[in-house]
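Presented below, as structure tokens, is a lone chain in the form predicted on its own.
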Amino acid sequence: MRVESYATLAEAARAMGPDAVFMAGGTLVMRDVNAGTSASRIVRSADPVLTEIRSTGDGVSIGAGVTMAQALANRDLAFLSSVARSVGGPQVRNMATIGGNIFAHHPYGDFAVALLALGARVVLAGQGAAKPLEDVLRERGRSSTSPIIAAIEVPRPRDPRAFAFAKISRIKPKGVSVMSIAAHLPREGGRIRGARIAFGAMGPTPLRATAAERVLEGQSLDAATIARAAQLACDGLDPPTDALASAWYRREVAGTHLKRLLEKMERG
């Protein structure tokens, strides 16, 4: 195994190939290396852009190398503090990066669920305009070479009460998730405009619950609307069966957990 370090992300992107893996925090990459990964090269970069956090007016640009601990300490990311805090324990949060979380397969990747609900966009090294996170998740694993993420552009909720996140775990406080849910429900005149709900562990990547979103769109967040959204929580989703839970169990409880999250948002 050879480790290659580059001063800039552009150089690191050019060095990538099917025999290489990019490492930021290393919480997942080093586990794979120790297990005997097929990669023969580890590519790294010390580019300072990876650790930048910049306010962009209506949002925040987060360098892909920003750790969960750094996110917790930054006031511009206060709306994501509960999400960052749910990732592992202090040791993991000191190393795990936000960019790396986008490539983390279940039972990890809870931060990516929150980013998906918020409509985040991803800036890839060596490429032009940012692209929707949904596209990056859809393409994840389809290429022999994974792209290098430079930054994630996250819209900031205008009302902090419009965003909520829940991690469902059997072990508290540091257990892995059976599933995770994030909801962003902006409201205008008491009506929901631009509803976004995302689930983790309900498919091969974090996915949006579009059927539940359609029920919520244009409605007030009341008991009847919440009940209808909960009934459709699993429509279009294909949860896996794994060591943590069966697909049947996830389908059975997804609506209940979504209902609880929406009721919490209703109460403000």
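Remember, predicted model here, so these are calculated numbers, not experimental data. Heads up: residue numbers just count along the shown sequence, starting at 1.
In what follows, reference is made to the form predicted together with a small molecule, a form of this protein that is not presented.
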**Message:** Partner absent here, but in the model of the complex, which of 209 to 217, 222 to 230, 238 to 246, 60 to 68 has residues with a heavy atom within 4.5 Å of the small molecule?
**Reply:** 60 to 68
**Fill in**
The one residue among P157, G119, G194, G88 placing a heavy atom within 4.5 Å of the small molecule in the model of the complex is G88
**Proximity to the small molecule in the model of the complex, single hit among L115, A96, L77, M179 (heavy atom within 4.5 Å)** = A96
**Asked** Do A24 and the small molecule share at least one heavy atom pair within 4.5 Å in the model of the complex?
**Response** yes
**Asked** Taking heavy atoms and a 4.5 Å cut-off, does R31 contact the small molecule in the model of the complex?
**Response** yes
**Asked** Given that the partner is absent here, does F163 sit within 4.5 Å of the small molecule in the model of the complex, heavy atoms only?
**Response** no
**Asked** Applying a 4.5 Å heavy atom distance criterion, does V92 contact the small molecule in the model of the complex?
**Response** yes
